[in-house]
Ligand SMILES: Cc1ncc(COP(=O)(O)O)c(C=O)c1O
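Take a look at this single chain, the form predicted alone, given in structure tokens.
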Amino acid sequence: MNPHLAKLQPYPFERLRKLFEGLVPAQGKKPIALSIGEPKHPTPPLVQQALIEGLARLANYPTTPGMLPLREAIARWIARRHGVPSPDPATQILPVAGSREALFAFAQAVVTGSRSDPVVVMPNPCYQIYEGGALLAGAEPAYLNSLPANGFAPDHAQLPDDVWRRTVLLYACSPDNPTGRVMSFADWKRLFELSDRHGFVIAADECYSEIYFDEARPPLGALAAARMLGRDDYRNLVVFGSLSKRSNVPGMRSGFVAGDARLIRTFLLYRTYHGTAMSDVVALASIAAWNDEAHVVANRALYARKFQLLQPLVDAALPCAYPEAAFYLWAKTPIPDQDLARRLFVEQAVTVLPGSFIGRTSNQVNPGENFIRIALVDSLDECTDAVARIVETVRTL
């Protein structure tokens, strides 16, 4: 067996199940799960119809580079959304089976065998797939703490130069999971300067890029920031996008990788053997999704309404900043985060995610401790009910 498997930590939701073992949720109350970032808004009919119409393509083996019309649709969307020239569909775009799979696999392609003591840098707290990808690629994870005192910006100064010199890959998440922070132009500029100085690759996870609350201020993406700095070849940069949150199709597993043609070429070679080519049926439905913005605007309006109504209620009980984007509230707890999660489960049948489960102890602090992540992914009525229950319990503490 791969010895690196022993280094993997239990996934947050496995830890959550163990945390609740032997507990009985409040009787007479409908269970509401706000712990997982699984979109619950309806899937657009145009996507469902495209899936149905494409069923005949089940008889075809999919190709690893993906259908050219899909790569062209993604390239057009990137140009429209980020205000950059359309990437080359043949060399700068690669469809993938969801951003999760690609974020993990990318580390195997880029890091494994690159040097004897590689480091992969990631924000802390973060999406645990970054850590798993690093460990199974034989790298040492290095964590950049995101703390309230710094506006939840990852602290690059936390790592010494000898760690940066060994860094092969850095994961950036903007909009961020769990804080909702969006990287600014200055943030990207500093990160590109670090990449140039030390020669590492940047993997920009932008799966939440289309969940924001001001139609006039979409989050700045990595490709746009690179072009603003004259980095027209996107050197050492790849961006990971997804339809799961944007179009409410998490079960379809559809995303893309875009950026540096050299890295895309290497990743394509890896994926030829990896065996995760996107089905033509999913590709055709994905084309329909990327070509339409009306359903995305409507989806954002649903989230904006929930956050306008519910963030002030949560904030009055559990301090939490209004996020710039994504669909989470990162709320400070008055008691240990795991204790509060257990109480909410037992007293209110509401499930939230303890922040310590997605944080790691670095520089003697776990930045997720005494926070909970609340995913406002369900309907407005369900989320309103859940928030009322959370506030009820917090007021008894």
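Everything numeric in this text was worked out from a predicted model, so none of it was measured. Start at 1 and count along the sequence shown; that's the residue number.
The next section is about a form of this same protein that is not shown, the form predicted in complex with the named molecule.
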item: Of 139, 285, 103, 225, the one that lies within 4.5 Å of the named molecule in the model of the complex (heavy atoms); value: 103
item: Listed residue that, although the named molecule is not shown, lies within 4.5 Å of it in the model of the complex (heavy atoms), from 173, 278, 239, 201; value: 173
item: Every residue of 212, 300 and 330 near the named molecule in the model of the complex, heavy atom within 4.5 Å; value: no
item: Contact flag, residue 183 vs the named molecule in the model of the complex, heavy atom cut 4.5 Å; value: no
item: 4.5 Å heavy atom contact, residue 231 and the named molecule in the model of the complex; value: no
item: Touches the named molecule in the model of the complex: residue 130 (any heavy atom, 4.5 Å); value: yes
item: Touches the named molecule in the model of the complex: residue 82 (any heavy atom, 4.5 Å); value: no
item: Heavy atom contact within 4.5 Å of the named molecule in the model of the complex, the stretch among 201-209, 309-317, 110-118, 265-273; value: 201-209
item: Heavy atom contacts to the named molecule in the model of the complex at 4.5 Å, residues of 84-101 in sequence order; value: 98, 99, 100
